[in-house]
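Coming up is one lone chain in structure tokens, specifically the form predicted alone.
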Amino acid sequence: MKSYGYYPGCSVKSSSKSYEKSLLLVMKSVGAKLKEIDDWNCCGATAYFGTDEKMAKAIASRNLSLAEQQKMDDLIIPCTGCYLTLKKSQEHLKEHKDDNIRAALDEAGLKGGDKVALRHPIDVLYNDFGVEQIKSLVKKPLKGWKIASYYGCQLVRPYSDVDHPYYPHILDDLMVSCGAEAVDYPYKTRCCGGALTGTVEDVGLRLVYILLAEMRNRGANCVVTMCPLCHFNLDVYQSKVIKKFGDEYEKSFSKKFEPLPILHFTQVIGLAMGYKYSELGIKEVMVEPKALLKAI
């Protein structure tokens, strides 16, 4: 077993519990042991950087210091919002050895934080274990699954060390290794609207519609995500989007706007590995992939 530190973040412990359920099962299957940071705190999310950047970096950096003090070399971060927040904060720690953020950490008895490697689980699965190992663990190939892999905007930009910033491929590769067909479409990294669905709903719904319409029109019968907020927007708001834009879609593409199952990528890999959908939290999504489940 290879050991990793683990920073779950707030969403994975609340609204996206099914993501964590499936993540822990998949990681165990490939031989990864996750140790959760003791006494971790909310990262502040990316929105906090727009209101108080110094405080945002300080509270995020606390997690990095704790990880380093708890002797974690690699830190798995499943939420891309948390990943980006911690990444920005760590970059600050590396570039500013003496400033008020470092002073705040020192006052709390916290040191370091700039050495722990920050990893998204897709990066760990693809680069540490590999497509062939995932393929070797597949017990139920996803025959008939036409998957649109949605990467979102925060994992590959502004940092592009995980995958290509405009045309990423590693999630598609993993879906293919599970026996699915990867649906190619141009909006893999287009923003889903983030928090706009809850603040300026009309704008948020339009952004979600653009994604879902393109995925559906390209032949997808399932969508996989890597971010709790992306998943929430596409899954929870899909019925509103169809109600609001159904006529527009039908007029544009001459077919009915049918709902798509929106799953966490670890749920899909877990299904292919043979785990039951109840173990993976698939009953918790708004649109269950009933026909696709029957196929396997």
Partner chain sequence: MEFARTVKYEAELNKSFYKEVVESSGCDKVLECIQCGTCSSTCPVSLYMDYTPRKLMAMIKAGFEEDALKSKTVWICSSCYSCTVMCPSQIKITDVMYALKRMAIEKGYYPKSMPTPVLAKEMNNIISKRGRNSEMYVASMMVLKTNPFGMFKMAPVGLALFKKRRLHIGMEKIKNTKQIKKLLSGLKKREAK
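These numbers come from a predicted model, not from an experiment. Residue numbers count along the first chain shown, from 1.
This next part talks about the form predicted in complex with the partner chain, which is not shown.
For the chain shown alone, E68 is not a contact residue for the partner chain in the predicted bound form, no non-hydrogen atom being within 4.5 angstroms. At the 4.5 Å threshold, heavy atoms of D39 reach the partner chain in the predicted bound form. Among heavy atoms of S254, none comes within 4.5 Å of the partner chain in the predicted bound form. Contact annotation for S14: at least one heavy atom lies within 4.5 Å of the partner chain in the predicted bound form. Shown here without its partner, the chain carries A45, P165 and Y237, all of which come within 4.5 Å of the partner chain in the predicted bound form through at least one heavy atom. Residues of just one listed stretch (169-177, 133-141, 212-220, 108-116) have heavy atoms within 4.5 Å of the partner chain in the predicted bound form: 108-116. Residues of 145-173 that come within 4.5 Å of the partner chain in the predicted bound form, judged by any heavy atom, are C153, Q154, R157, P158, P165, Y166 in sequence order.
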